[in-house]
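Just the one chain here, laid out as C-alpha cells, in the form predicted on its own.
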C-alpha cells in the first residue's frame, strides 16, 4: 500500500516497449514539476516485479502491444494486486474491441499517443482527481460501440439537473475540466462540482463508467 496522497508530485510509471517513445515520455513528463517519474519498463513483467518491492506509483501509463504479457493482461494483473493504482492506457490503437477490453481489465483511462503534449499532461494530472481521462476520438468510438448494443427503453431517471445533463454529454464527448469550464463559462471548480454530483447520482467512479452508463441507459 502506498502512503496517503499528499501535496507532492504525481508518481508515474511508464510501460512502453519502444525505447524512443519511452524516453520521450520520461523527458516530457519529467519536465513538469507536478509529475515524478518513478520508473519505466520495456515489458509489463518488469513493472509487476518492481512494484512488489517498491512504493506504488499513483499512475501507470500502459502500452497495449508489449513483448510477452500484453498491456491489457498486465492491467488486469496489476489491478488485482494493487487496486489503488490508476492505469491509463497510452496507445496508437482506437479499435473498439481494444478499448472495451482495456476498460474491462480495469483501465481508468484511454489516451492516444498522438495527443498533444499539453493535453497529455492535463489528462494525466486530472486522473488522480477526476477518475478517467479518455481522448475525444476514443470516447466517440466507445460511444458508437455502446450504441450498437444499447438497450431499448426509456432513460433512467437519476434526477440530473439540466446543467448536469449538458455536462454529462460533454463528458461523454471527452472534454476535460478546462474545456467544460470554457464551454459553459463557469469556473473550473464549478465544473468539477457538477461532475462530482454526476458521479454520485449515477453511482460510478470513473469516466469510462460514466460513458457506458450514459449511453446504455439513454442519458445522452
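Numbering follows the first chain given and starts at 1. The shown structure was predicted, so the numbers you read here are calculated from the model rather than taken from an experiment. For clarity, a rigid core is taken as the largest C-alpha set superposing within 1.5 Å between two forms.
Absent from the display: the form predicted in complex with another copy of the chain. The rest refers to it.
At least one heavy atom of residue 171 is located within 4.5 Å of another copy of the chain in the predicted bound form. Using a 4.5 angstroms limit between non-hydrogen atoms, residue 191 is distant from another copy of the chain in the predicted bound form. Contact check for residue 40: every heavy atom lies farther than 4.5 Å from another copy of the chain in the predicted bound form. Contact annotation: residue 208 falls within 4.5 Å of another copy of the chain in the predicted bound form, judged by heavy atom distances.
Of the candidates 48, 69, 186, 35, 69 is the one whose heavy atoms come within 4.5 Å of another copy of the chain in the predicted bound form; the others do not.
Contact residues in stretch 12 to 40 (any heavy atom within 4.5 Å of another copy of the chain, taken in the predicted bound form) are 17, 18. Relative to the superposed core, residue 57 undergoes a C-alpha shift smaller than 2 Å between the shown form and the other one. The Cα position of residue 208 differs by 2 Å or more between the shown form and the other one after fitting on the rigid core. For residue 195, a C-alpha deviation of 2 angstroms or more is recorded between the shown form and the other one after rigid-core alignment. In comparison with the shown form, the Cα-Cα distance of residue 185 and residue 111 increases by at least 3 angstroms in the predicted bound form. In contrast to the form presented, in the predicted bound form the C-alpha positions of residue 70 and residue 212 draw closer by 3 Å or more.
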